[in-house]
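There is one chain below, alone, in structure tokens, taken in the form predicted on its own.
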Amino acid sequence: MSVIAERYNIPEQHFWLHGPRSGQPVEFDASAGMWNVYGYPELHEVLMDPATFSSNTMRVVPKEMLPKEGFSLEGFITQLDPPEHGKLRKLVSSAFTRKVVADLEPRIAALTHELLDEARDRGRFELVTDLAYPLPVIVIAELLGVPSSDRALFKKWADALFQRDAKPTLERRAEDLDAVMKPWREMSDYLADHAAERKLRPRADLLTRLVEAEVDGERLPDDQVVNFAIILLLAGHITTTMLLGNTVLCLDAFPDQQDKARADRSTIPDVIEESLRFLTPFAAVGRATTREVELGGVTIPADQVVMGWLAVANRDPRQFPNPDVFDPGRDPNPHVGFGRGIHFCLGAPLARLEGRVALNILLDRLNPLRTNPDDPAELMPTPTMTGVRRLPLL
């Protein structure tokens, strides 16, 4: 059993954290009706070949399983394939340039201090509620141009959309779709109102940029703008929330690495990269085959759902020696924590910046960074996400 599984209450469904996995790199799960890709080179192949492994997984979900009304995936960039994907991605990447992200550093630092001061005044510190959740939400809300004071709403929607404790199956996907429709509609309405307001009164924010953007000489349809904004709001904070909590968990479990990072702050980016490998926030991504394909010695037919397990591939001993050891000195460390290929996480530079700034300040202000043995960490039960839900610190 790994150090992490012994030390914290790791949910059973996070099987890759409970010791080395036995089995083939690619396996069919008959009970779930889908193929699982666990191996690093095999997953790399999936992520780098969007023509064979399409992101449009809804295409293979039987029609009767889809929500009846009010559900559009237009502009939902994670479900798009080329060439549509490239056009939309180009549009938003102009808003996430290196300079735009770098310019946010002072704001991120100020917010981190502010949130830690408030926690100190309350006399207790729970990392997720007090810092790891509000920090990235405020940053992305300010970028988008929606009130960060609505963050309790965003959290309610995010929890409803992501907190699942059963493993993914085709049947479950259908049930989950029904369960997410209410929060999805609420969030769509909320962002549609803000987008409509930008048409009348443009501002210097990302939402205005989306409303005014043109692809092939045409403005984006309203539902594309809204779906794009949903992705940015959700993905724009959830990954960083998990990344921050996970990194603190790693530094608590491996105190010698915490001492090294505290002594040499230039190693913090490496600590963050190893945290992304060791406790991968988004543990799995879905794809659908467009043709019959051979992968890892097995033949997968066309029109099959394929789950690519990023978290398991990040522990493939063929790629990472001693994968259960948290080692920020790993070189190279080609983890797939942010994906790979055309769908590589758009917000990765922002997540890395938020992680680096917040971690530096935490190390300055808390010595040591230590979890509370009397009030243990709680992890999210969602099988396809690895992140702490609650992390009280001493």
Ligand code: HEM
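Just so it is clear, the model here is predicted, and its values are computed rather than measured. The first residue of the sequence shown is number 1, and the count goes up from there.
FYI, the form predicted together with protoporphyrin IX containing FE (HEM) isn't displayed, but the following is about it.
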query	finding
Heavy atom within 4.5 Å of protoporphyrin IX containing FE (HEM) in the predicted bound form - the one residue of Val146, Cys250, Ile77, Val312 that qualifies	Ile77
Contacting member of Arg277, His194, Arg287, Arg209, with respect to protoporphyrin IX containing FE (HEM) in the predicted bound form [4.5 Å, heavy atom]	Arg287
Answer range among 337-345, 321-329, 35-43, 364-372 for contact with protoporphyrin IX containing FE (HEM), defined in the predicted bound form as heavy atoms within 4.5 Å	337-345
Any non-hydrogen atom of Pro281 within 4.5 angstroms of protoporphyrin IX containing FE (HEM) in the predicted bound form	yes
Contact test in the predicted bound form: Phe162 vs protoporphyrin IX containing FE (HEM), heavy atoms, 4.5 Å	no
Partner proximity in the predicted bound form: Leu359 to protoporphyrin IX containing FE (HEM), non-hydrogen atom cutoff 4.5 Å	no
Exercise: Arg107 in contact with protoporphyrin IX containing FE (HEM) in the predicted bound form, heavy atom 4.5 Å	no
